[in-house]
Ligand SMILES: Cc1cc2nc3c(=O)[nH]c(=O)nc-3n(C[C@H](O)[C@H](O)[C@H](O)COP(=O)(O)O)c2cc1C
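Next comes just one chain, in structure tokens: the form predicted alone.
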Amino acid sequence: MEKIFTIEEASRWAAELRRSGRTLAVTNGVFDLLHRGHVQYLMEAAAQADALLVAINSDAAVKALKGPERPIVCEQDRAFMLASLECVSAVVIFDSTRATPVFQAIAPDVYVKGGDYTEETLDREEHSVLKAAGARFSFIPFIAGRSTTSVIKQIRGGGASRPQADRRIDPILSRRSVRRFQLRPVGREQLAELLKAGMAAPSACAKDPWRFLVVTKPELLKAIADKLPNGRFLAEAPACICIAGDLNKAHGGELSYMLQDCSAAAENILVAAGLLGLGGCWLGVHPRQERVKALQELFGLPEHILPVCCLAIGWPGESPQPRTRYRDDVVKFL
């Protein structure tokens, strides 16, 4: 408990640390359901300086970031467990979605964040304060498959009691539409991975007629949302991938083949998003001609390139439970 500080106490502690000639690394996050990925990350973060301060979001801030079902573990318990780790020198709880107040009070020598971030995708307000303090940035990769979200999905899906064959298709069964997102940008590297997955989809005679319009500008996201009656939430999403098809490139110039190819690419992207810890929601455009025309005008597309769908993409702010809509009555084995 002696390692858990208020922001004011942490500021005085950091000042004393510097007077003794020692350096300070700071990282921040939720750290809900502490697991091996967290611990290894913190051990590597601690190696970046003489001392490590971990700043965690309060329960209220976590709900604002990740939705009403989080956190699983309350702020005092999260702080206690982190403070119990030898590699953690101090812990502070901050009651906001951004860690800006912590950085302003403490001005770290090193700022450490997970490898799914880059300087480009850090919150701009936080980044500005850290740069002004002269902090060095360090990004540490996560351990694949270790995340709070994956643990929650396993618990909700039945965990180890489920048949092995069933668990292998978890990435598909757990793909649910996400319409609420965290206030956190999606990096270009993650978006590029999603596009690779999309372009790995089957295509009739390998014509690949798809075209991908990747949107992250807030004003353009709002403009798209205004044109999709069921997609108002898109205005709050960090990114949108609009998938369009080139009729001139489709197999035989056939609309049906083009739509099948683009739909396969869209499903690949949504499944890949889940594997990367992201969430997404498919918003239909074609065959509603008013939506097709509106997006053609918005993006300046020629008549032969038809918007098929838009995918809202972001870090999930909700956790829909895995499910299957399997029904015996629609299946016939021959």
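Fair warning: this is a prediction, and the values are worked out from it, not measured in the lab. Start at 1 and count along the sequence shown; that's the residue number.
Not on display, but discussed next: the form predicted in complex with this ligand.
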Answer for Arg22 alone: is it within 4.5 Å of this ligand in the predicted bound form, judged on heavy atom distances?
no
Would you please decide whether Asn230 lies within 4.5 angstroms of this ligand in the predicted bound form, comparing each non-hydrogen atom pair?
yes
Answer with yes or no whether Ala51 is in contact with this ligand in the predicted bound form, where contact means some heavy atom within 4.5 Å.
no
Residue-level contact is defined here as any heavy atom of the residue lying within 4.5 Å of this ligand in the predicted bound form; does Leu283 satisfy this criterion?
yes
If contact means a heavy atom within 4.5 Å, which one of 109-117, 238-246, 77-85, 173-181 is the stretch that engages this ligand in the predicted bound form?
173-181
Would you give me the residues of 317-334 that have any heavy atom within 4.5 Å of this ligand in the predicted bound form, in order from first to last?
Arg323, Arg325
